[in-house]
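Take a look at this one chain, the form predicted alone, written out in structure tokens.
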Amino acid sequence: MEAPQRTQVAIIGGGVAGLMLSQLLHVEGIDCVILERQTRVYTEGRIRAGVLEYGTVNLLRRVGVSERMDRLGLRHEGFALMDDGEKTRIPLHDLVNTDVMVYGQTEITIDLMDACAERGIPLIFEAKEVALHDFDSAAPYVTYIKDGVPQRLDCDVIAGCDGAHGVCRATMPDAAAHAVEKVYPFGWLGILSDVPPMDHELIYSNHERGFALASQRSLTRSRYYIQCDVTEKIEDWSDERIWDELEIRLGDTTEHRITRGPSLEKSIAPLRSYVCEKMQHGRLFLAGDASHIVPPTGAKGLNLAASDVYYLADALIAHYKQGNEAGLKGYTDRALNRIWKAERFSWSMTQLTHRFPNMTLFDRKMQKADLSYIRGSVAAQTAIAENYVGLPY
């Protein structure tokens, strides 16, 4: 093993959560090292979310990593709920005087990685066999293998930003005993294509054949989803079959015209709500997907990761700059307060927009009553808008 490295904060995971945390710490003069088990090419290529809350946008601006987002991102002042072809627009800006930004998670990842390189923040790719040690003491450390050579990284704090299947949650004592989960009886089949979006805003459609979403990543790149059975195989879905189904569920009309094109990426993802309510143990802290998963219906996954690392960075800054431990001790409670509200919103949007297996006539009538109430109530639309643009940190 080579001589141990030393940093203040060891960040496990080079996705948006870990990268954003590194920038928040760097601007305050706090040292960190990021360990990522994948290659840079793989990490940059992961297709993920694209709707940013105003809080996430402001964080990127705060750390000076917003130039491309501000230039290329699309401000959305509203979105639409559609039920069997009847459309209700939720005018975000009119209701809550703010909006969301459409800018792909892939692009954010690239921007943050470039910032790490420019600012000299160590970002170590292909860090294999990462293991956490002594995080219940004042001297935690991390071991890993890089290019076949064992390495050791001494630190004050370990930030677990390595996702749902990473080593950090798996190592957290009794994490499984603190897990709360709901598994939904369907998945989302997604297609990404370089074609113009069918509308300038997102459309969430509840159709008798199942949910569909018309989304986008730019003015020339579209992202669509359809509800499907969790047992479906992606190889059974040709591009033409997906486009045919989207036209049925979204309504290919003169108002909304779907442009077909070859897929850049197709995948099927199950839907679940998951929260590990144990987000810290000693000097190990979880953030982002390492501690929670939300259905994508509410566009909260990436944005919850941003608020988690905001809270964690705030606590670490107080620890290093003022010797104040209150923020670190209270990190879990502070983060969970916002996490559960986002889980509730994502659950409610999923309930509102999907046809569930074994759905009764009463269930469907309740769905339609909810949509009718939303359609005619400014107060109901405002509540949706407040949650969609993001609750304050």
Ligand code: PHB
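Start at 1 and count along the sequence shown; that's the residue number. Because the structure is a prediction, the values reported are computed rather than measured.
Absent from the display: the form predicted together with the named molecule. The rest refers to it.
Q | 4.5 angstroms heavy atom contact with the named molecule in the model of the complex for residue 249 | A | Result no; residue 249 lies far from the named molecule in the model of the complex.
Q: Check whether residue 310 has any heavy atom within 4.5 Å of a heavy atom of the named molecule in the model of the complex, and answer yes or no.
A: Looking in the model of the complex, residue contacts with the named molecule do not include residue 310, since no heavy atom lies within 4.5 Å.
Q) Does the 4.5 Å heavy atom contact test between residue 188 and the named molecule in the model of the complex come out positive? A) Taking the distances in the model of the complex, the answer for residue 188 is yes, it comes within 4.5 Å of the named molecule.
**Q.** Contact of residue 298 with the named molecule in the model of the complex (heavy atom, 4.5 Å)
**A.** Yes, residue 298 is a contact residue.
Q) Of 217-225, 269-277, 316-324, 148-156, which is the one stretch near the named molecule in the model of the complex, taking non-hydrogen atoms within 4.5 angstroms as near? A) This holds for exactly one stretch, 217-225.
Q: State the residue from 213, 112, 92, 81 whose non-hydrogen atoms include one within 4.5 Å of the named molecule in the model of the complex.
A: Contact residue from the list: 213.
Q. Among the candidate residues 63, 33, 69, 49, which is the single one with a non-hydrogen atom no more than 4.5 Å from the named molecule in the model of the complex?
A. Comparing distances to the named molecule in the model of the complex, the residue within 4.5 Å is 49.
Q.
Suppose contact means any heavy atom within 4.5 Å; which members of 182-205 contact the named molecule in the model of the complex?
A. Read in sequence order, the residues that approach the named molecule (within 4.5 Å, in the model of the complex) are 188, 202, 204.
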